[in-house]
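Just the one chain here, the form predicted alone, laid out as structure tokens.
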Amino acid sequence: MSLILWTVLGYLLGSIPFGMVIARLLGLGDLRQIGSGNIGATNVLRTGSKRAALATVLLDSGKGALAVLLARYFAGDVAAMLAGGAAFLGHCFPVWLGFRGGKGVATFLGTLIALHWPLGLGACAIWLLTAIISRISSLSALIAAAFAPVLAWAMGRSDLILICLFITALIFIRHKTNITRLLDGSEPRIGRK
């Protein structure tokens, strides 16, 4: 029963659409009508507000981390993995928005940091390095996600490989249109509206 409870709580926490909340509070408009229509930080950045985008990254990653940390504290490591995965699902498929949410990258990174901070920081470093070189957020996310299971294995955390594979697969699915644009050279660069 406890595992189900933490999975549901993780999902509900993950489903809070912080990008939309921040954009509305700051009068930036409805994110679903701006840029890609996504509710995540990259699309918040397209409104022109770097502070709002940063707040979105911090809150979206924070909700993944919080789900993991609370579940681990009260119910152990298995509950933490389930809560983190559920928070990621909640971000991607929030009940409040008709199951049309974000792509989950910040929530993924926050979840990894809370599950095993060296793994999370490794994924963040890969994202950042790729972003600096390519200036393409989606490519950075895809590469960081692809390396997450490998990093988990290399760090001796085979217990985290399955959750990493699950989230990585969903990140690739959520980035389907981005992958098409990457292949045809039309994917927008970071900071471009």
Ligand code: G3P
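None of these values were measured; they are calculated from a predicted model. We number the residues from 1 along the sequence you see.
There is another form of the same protein, the form predicted in complex with the ligand; it is not shown, and what comes next is about it.
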I'd like to know whether C164 contacts the ligand in the predicted complex, with contact meaning heavy atoms within 4.5 angstroms.
no
Quick one: does S36 come within 4.5 Å of the ligand in the predicted complex, counting heavy atoms only?
yes
The ligand contact at A71 in the predicted complex, heavy atom, 4.5 Å
no
Taking heavy atoms and a 4.5 Å cut-off, does A141 contact the ligand in the predicted complex?
yes
Heavy atoms within 4.5 Å of the ligand in the predicted complex: which of the stretches 61-69, 156-164, 143-151, 39-47 has them?
39-47
Along 92-114, which positions have a non-hydrogen atom within 4.5 Å of the ligand in the predicted complex?
K103, V105
